[in-house]
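Let's start with one chain on its own, the form predicted alone, as structure tokens.
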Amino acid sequence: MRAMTVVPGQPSTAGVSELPEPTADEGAVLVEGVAVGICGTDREIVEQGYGVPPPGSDRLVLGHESLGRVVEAPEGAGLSPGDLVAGIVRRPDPVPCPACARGEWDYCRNGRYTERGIKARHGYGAQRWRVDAGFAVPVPAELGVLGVLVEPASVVAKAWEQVDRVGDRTWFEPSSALITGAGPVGLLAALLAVQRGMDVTVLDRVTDGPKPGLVADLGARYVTSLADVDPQPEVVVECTGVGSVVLDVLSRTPPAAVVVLAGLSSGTPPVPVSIAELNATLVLNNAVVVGTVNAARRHYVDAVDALRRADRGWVERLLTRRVPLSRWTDALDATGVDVKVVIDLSD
């Protein structure tokens, strides 16, 4: 079978490889790959060597934003041939730590977790892959290829769960939210905020392309400067990872606000910070800053629900480019009009 592979950190090795069929010890559910999404993590693996291949292999099969169709599943798995599924990315560490033992592998305490397509496990960017039933999340047939957005949507579903949990420290009925970054994660974070009935503002630097229209059609405001954010947000979901943006957001934190840092960005220049001034802002405002990454199974389930409830036409516009498996490396070259680029694994 064919798969999208790379030696991490060696862009010239990125291409299509012929691999053996997946074996039963990789999971009881056999899945035909339908599509995978490309994100900044994939680019970092290819260009900067962020990822780690499985033991005994020098190449890594990419693809952690997955969608597949079940070919075979054991009795009791809750899955049938033809069902669409999204594969969960992270696997608990083998010890396991107390968090992993309770299904909270996204909070792994000892760092010995593995991740499909990222850390020590091949990804879903193959014509066929296997997975244990507990790590295959059913995707409704009506979502179709939009199911490839389940994984990035799970990340923001977790972010909003963090908002709720932190908010429970006191009276908290937020009505306004700021999302920084209008990439796929930012737009999905805005979608979930709108579904909560919030007054939503999205901050991004671009002034043309599809992003301003997507935000407007969601019923949110699109701005290019924090100075234009009004009303003052009670919740911020930061999706850029850009140091200067993070600092600006934290420096403007209103009283009792919750800021969730959900973005990572490599290669950004260092930003001078007055720790004492920032500390005073956060302390005097009773503000909370939470970092979040990855997701547990329940967040994938929440993501499926959010995508089902969304306007299909709007969600379809997030998939701005589709690339066949045979030319998957073309997806690494982001264009100014790209939101989410998807690899078609059937071609």
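Just count from 1 along the sequence shown to find any residue number. The shown structure was predicted, so the numbers you read here are calculated from the model rather than taken from an experiment.
There is another form of this protein, the form predicted together with a small molecule, and it is not shown here; the text below is about that form.
- Considering the small molecule in the predicted complex, the lone stretch of 35-43, 279-287, 311-319, 53-61 in range is 35-43 [heavy atom distance within 4.5 Å].
- With respect to the small molecule in the predicted complex, the three residues 204, 240 and 339 uniformly fall beyond 4.5 angstroms at the level of their nearest heavy atom.
- Shown alone here, residue 301 lies farther than 4.5 Å from the small molecule in the predicted complex, counting heavy atoms only.
- The closest non-hydrogen atom of residue 89 lies within 4.5 Å of the small molecule in the predicted complex.
- Contact annotation for residue 199: none of its heavy atoms lies within 4.5 Å of the small molecule in the predicted complex.
- The small molecule in the predicted complex is approached by residue 115, whose closest heavy atom lies within 4.5 angstroms of it.
- With the partner omitted here, the residue from 193, 155, 84, 236 that has a non-hydrogen atom within 4.5 angstroms of the small molecule in the predicted complex is 155.
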